[in-house]
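Two forms of the same protein chain are encoded below as structure tokens; each is given separately, as structure 1 and structure 2.
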Structure 1
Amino acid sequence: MIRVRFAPSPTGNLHIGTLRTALFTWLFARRHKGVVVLRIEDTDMQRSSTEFEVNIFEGLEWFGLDNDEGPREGGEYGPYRQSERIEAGIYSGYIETLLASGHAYYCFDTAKELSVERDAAMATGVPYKYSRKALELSEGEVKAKLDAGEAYTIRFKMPDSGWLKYKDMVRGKIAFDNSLISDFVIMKSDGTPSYNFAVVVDDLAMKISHVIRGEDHISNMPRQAAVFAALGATLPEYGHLPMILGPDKAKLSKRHGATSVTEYRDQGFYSPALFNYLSLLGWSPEGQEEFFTKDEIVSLFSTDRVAKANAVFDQRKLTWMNGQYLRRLDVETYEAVILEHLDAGLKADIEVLGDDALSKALLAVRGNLEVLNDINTYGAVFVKTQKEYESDIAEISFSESNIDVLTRFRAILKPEGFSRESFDAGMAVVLEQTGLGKGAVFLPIRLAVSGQKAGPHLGDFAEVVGVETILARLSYVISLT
């Protein structure tokens, strides 16, 4: 049974890089009918917070990633928060096992003593490795120090020789020289486990078979693999994902976009669009198609097609894709999604215009939307007050040619049998009468009837606000000359 885990630390909000790791982990599990485990790695007690944990849950839920086991779902291998696992004494048992087998030892060196060692190594240009002077202590000396209450850590004893070799699901063959790796702390002086120890214990206890994570964790492999070996356990299969960079090829940061996943939600991004876009950051199916449903992505996903090169997160491309998604939705789904982002007051004002005015307005601006929140910007054009309209017109200059176009159009437009089609037909007649280009005809009409340079299709706009308003506005602009 394939079992994967997504293991964020609640020391900050869920961001795009972490979400991409969660996504690829989820896709791999769902592709192979496996189990997804959510584990909260909150051993950093000072920086971890419930607020960040809630943000992680909210981001994953909005994005559409469900878990089979986790803090909220429960499961056979819980608890699923490392802080709760510390309280349950889970790590202590493994520490005792490693101490008894000689794979771990007590270290009483002070921070100052260790700093002197590091400085000495730096002075000679040699990579620092712990001197292991704590191993020179006899059992009696260790016991005496423990009985005296001296502060200590527990270090893992790395193999003195040999190589760690494994085949990464993304990067292929990777090897590390064990002799270059320093003995590292597995239990800190405050009694909490270190990352490289806790993650091994948890993956082992939770029967994790595959681990997909960022390439920054490659350097942790020799330490974690050594602990697995010391515990007599089989190493899971690993896949290390490339980094996500901004368009400037710098490490992704808040200057490249939102600082958290929930900010994308709040800005009005449609989660299936972000799901599609993020899936293609570092992975590509065969062919040139860019738009896929969630089920299609699951069926196509393979670590064989995950790139080794870094991926580039382009906010403009995401925004474009989001707009394309909104235009591809069926009408019922589109209206349901967009109404969640429409201001209640604006909604009420549009509904006053007629029984089906709201539905027509929502569809009229569909082609203008990039994100869902745009509905409040483009929707406002339907309910401008006369004062707001006149203020907009005061900022616009109309030429003699513009006025001629408006005059001709007003003469053609009739209240009887008015419709979107008759509005469009009237503009076509003006085009023929004047011999002008479309821009020279359509733009002045748009400016006159809406007070803005861009917006919904003019015929759709006219149907919502009504022919009386259209005729009155045309007359108003003409009267200004």
Structure 2
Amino acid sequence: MIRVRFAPSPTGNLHIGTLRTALFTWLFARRHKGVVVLRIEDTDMQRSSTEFEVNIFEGLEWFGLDNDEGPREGGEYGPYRQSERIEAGIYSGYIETLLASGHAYYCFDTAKELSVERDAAMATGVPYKYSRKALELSEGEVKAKLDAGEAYTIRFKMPDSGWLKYKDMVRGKIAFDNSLISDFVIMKSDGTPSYNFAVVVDDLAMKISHVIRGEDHISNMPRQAAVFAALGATLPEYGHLPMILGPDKAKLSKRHGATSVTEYRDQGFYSPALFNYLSLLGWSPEGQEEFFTKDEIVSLFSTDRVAKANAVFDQRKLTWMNGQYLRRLDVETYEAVILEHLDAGLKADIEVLGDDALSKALLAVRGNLEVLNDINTYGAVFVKTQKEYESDIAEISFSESNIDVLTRFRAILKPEGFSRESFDAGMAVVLEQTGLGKGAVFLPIRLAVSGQKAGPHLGDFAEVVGVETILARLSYVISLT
């Protein structure tokens, strides 16, 4: 049975990079009909908060990644928060085992002593390894220090020789020399387990079969593998994903603008579009097609087509893809989706214009939208107040020819039987009558009836605001001369 886990740390909002890891992990599991476990790695009490945990849940849900086991779903390998696992004594049990087998030992060095060691090693160009001073303590000395209440950590004793060799699902063969790795802390002085230890215990206890995570964890492999070995367990399969970078090729972070998933949601990105885009960042199926549904991606996904090189997150392309999704949606879905982002005030104002006004207006500006929130910019033209309209008009100068065009158009436009088509036909007549170019006819009409030089198709616009408004505005402009 394939069991994967997604293990975010609630020390910040759900990040695009973290989401991509979750996505690939999820895709792998769903592709192979496996189980997805969500585990919250909140051993860092200082930085973790439930607010961030909630944001992570929210982001995953919006994006469309579900999990079979987790803090909210429960499951037979719970609890699924490391903080709760600490309370349950899960880690201390394993610590005892390691202590008893000689794979771990108490360490009483202070932070200052350790940094002196480290600086000395750095200065001589030797890779730093803990001196193992604590290992020279006799059992009696250790007990005495413990009894005296001295602060301590527990370190894992790395093997002095041998290599960790494994085959990465994404990168192929990888090897590390164990003798270069320092003994590392597995239990901090506050009694909580460190990451490299907790992760192993949990992956083992939760029977995780495949670990898919970011490349930043590759260097942790020899440490984690050594703990697995010391516990007499076999290593799960591992796949390390390339990182997502900002435009400056540095690891994606806050200074690159929006990085939290809920921010993308709030800006009006449609989650299936983000899903599609992110799936193609570091992975590609065969062929040239770029648009895939979630189900298609699940059935196509495979770790051996995951890229090895880091990828820059291109917001331009995401935005383009989002616009494509908006245009490809069926009308009902499009309206439902866009309505969630339409300002209530703007919505009410448009609805006042008539029964189908809202629907027509939303459709009229569809081609202009990239993100859902754009509707509030492009939709405003439909509900300009008279005052706003007049002040827009005041900025525009109409020539005699323009006024002639407007006058002719006003004469042709009839309130009876008005439609988008009759509006267009009316403009065509003016075109013929005057013999002017398209621009010389259409632009002044657009300016006169909308007060701006860009916007939705005028026939659509007229249908929404009503022929009376159009006629009134034509007359208004004509009357100014």
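Heads up, when I say rigid core I mean the largest set of C-alphas that superpose within 1.5 Å between the two forms. Owing to the predicted nature of the structure, the values given are computational and were not obtained by experimental measurement. One-based numbering along structure 1's sequence throughout.
Visitor: Which one here is the form predicted in complex with the RNA?
Guide: Structure 2, not 1.
Visitor: With a threshold of 2 Å on the C-alpha, tell me if Y106 counts as moved between the two structures once the core is superposed.
Guide: False for Y106: its C-alpha shift is below 2 Å.
Visitor: Taking 2 Å as the cut-off, check whether the CA of D266 shifts that much or more between the two structures after a rigid core fit.
Guide: After core superposition, the displacement of the D266 C-alpha between the two structures stays below 2 Å, so no.
Visitor: By what angle, rounded to whole degrees, does the smaller rigid part rotate against the larger between the two structures?
Guide: Smaller part versus larger part, rotation angle: 11 degrees.
Visitor: How much does the C-alpha of G437 move between the two structures, in Å, given a rigid core overlay?
Guide: That residue's C-alpha sits 5.7 Å away in the other form.
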